[in-house]
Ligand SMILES: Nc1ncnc2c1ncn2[C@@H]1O[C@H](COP(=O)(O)OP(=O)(O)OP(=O)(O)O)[C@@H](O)[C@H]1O
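There is one chain below, alone, in structure tokens, taken in the form predicted alone.
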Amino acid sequence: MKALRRLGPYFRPYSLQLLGGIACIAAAVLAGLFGPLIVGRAVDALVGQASSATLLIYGLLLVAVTAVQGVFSFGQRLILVSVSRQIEYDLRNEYFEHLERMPLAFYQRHHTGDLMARATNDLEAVRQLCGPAIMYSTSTVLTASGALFFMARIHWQLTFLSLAMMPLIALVTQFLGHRIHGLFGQVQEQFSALSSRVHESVTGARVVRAHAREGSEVERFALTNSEYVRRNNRLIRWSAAFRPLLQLLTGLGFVAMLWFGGTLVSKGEITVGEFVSFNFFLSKLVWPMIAVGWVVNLVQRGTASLRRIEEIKETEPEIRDGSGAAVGEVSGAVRVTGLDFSYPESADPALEGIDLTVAAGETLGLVGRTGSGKSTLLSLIPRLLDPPAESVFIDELDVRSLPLHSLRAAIAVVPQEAFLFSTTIAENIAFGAFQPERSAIERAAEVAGLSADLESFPRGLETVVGERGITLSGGQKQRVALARALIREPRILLLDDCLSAVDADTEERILRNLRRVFLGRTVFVVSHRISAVRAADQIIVLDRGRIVERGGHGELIRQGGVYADLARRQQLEDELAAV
């Protein structure tokens, strides 16, 4: 019942349908209870030498009752199963919407396979709780109540004797239900692990094949799959024991009823027809007793799955909307002051004492060795990572005070690791804007240096890329991601080493195109290549999370520091490559 109370808000929009379904159940049960009474009357009439016409009337009444029961049984299933599907639909939408609001750190803590298992297997178990469990539990209660009422009217002592096994049935149901609940939770956890294993192996297929690890991946999957089967087998054994035990205990009740009921008939205390009716009513209690176990199983599974779904939904996003009003047109001025930032899992700061100012329309170059904090700094501006309060400002507004949608609408980020969807190149580029014109998609592709590649593709922009863009090279994926950002025409453009996978000539051609795009926009360019940042208005060199040098290209070369050393090394590498 506690689980149903938690599901109350989801039932509320469908309360009329729910009441209609329950009314159909009541009508079907009521019609079904007339059957034993009609059969009993027919038997007594037959014993009393009734005419064939009288027996025909009883037969027609029985057919009519069965037909009415069938109509309302159809109605209850149609209504209640439809309601359960609607609730499943609402829950899945809400669950997905919650996932969309979670920050990157959340996905570092939760495997994709586990999140997918909760959205599939667990949601199906909750749907069973919202539909079939309600339908069968209501039918069980009404059927049992009606059958007991008519049984008691026939002979209350016989009824009491027939139900002598009920306390034992209740104890067995409670024990087995609790056991099944725990085992089902273990099965769902292992299914999440199995889903994660498949997801990682499939998405990393290129790496698996490159290292000839297919065999070991098959072995690891087999172990995970074997554990999943083992846990399922334990659940099956306990679930399989449920119905036979209930049938055994119910059968003992039948034995007692036949012995004592036969005695009552022989003494004339009840008629043969009443004894037959009683037997039919007792038979109607068999399914409710079995259904109790099945419903308990559904409830146990549904509540376990609901708890897993709520565990995710109750996880509050660490990065939330600011309390300030949405900003209008952003000029693009960025200021960082006294910025210190550390990752929760790291004792050393990722950034320390960062101070910088980038005027609207300026280009800032960021260079430094791997792990120096360049990507971290860029992630803090659109709050992909949350900066400390009063440390990162856009147009002199603290980014933490801005609504996330308003903040990110003004910014486009191109990461080094480009992610593409399994659709066409055109749709991947168009993902960056709302219903862009075809000409805008083509222009963005051209600026990103994709024109030559598109000519070699079988369908140009309509070429479908594989999952995560697996059919494209690393450089092509980066350029599609760049085009996706450019089509938004953002005020602030963050390029996080997004041309690392292209050759030097292609990079130079793209940079020439981008310089026209940069005009009037604030641009942060992170790169390991000096050629990518040398034209920037100012360049910052990061080392171990600190700014160690800043200035223009010529000025930094004259200083002879870290930047000059990187420039000399790259020049030497280029000369050696040209030999």
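Numbering starts at 1 and runs along the sequence shown. Keep in mind that what you see is a predicted model, and the values were worked out from it rather than measured.
Heads up, the form predicted together with this ligand isn't pictured, but that's what we're talking about next.
Stretch-level contact analysis of 344 to 352, 430 to 438, 276 to 284, 256 to 264 against this ligand in the model of the complex, using heavy atoms and a 4.5 Å limit, identifies 344 to 352. Contact with this ligand in the model of the complex, judged by any heavy atom within 4.5 Å, is made by just one of Gly251, Pro388, Gly371, Pro244: Gly371. This chain is displayed alone, yet in the model of the complex one of Arg534, Arg41, Arg521, His528 has a heavy atom within 4.5 Å of this ligand; that residue is His528.
Using a 4.5 Å cutoff between non-hydrogen atoms, Gln108 counts as a contact of this ligand in the model of the complex. When contacts are judged by a 4.5 Å heavy atom cut-off, Gln128 does not count as touching this ligand in the model of the complex. Contact between Ser139 and this ligand in the model of the complex is not found at the 4.5 Å heavy atom cutoff. Mapping the unseen interface onto this chain, Thr424 falls outside it, with no heavy atom inside 4.5 Å of this ligand in the model of the complex. Along 404 to 429, one residue reaches a heavy atom to within 4.5 Å of this ligand in the model of the complex: Gln416.
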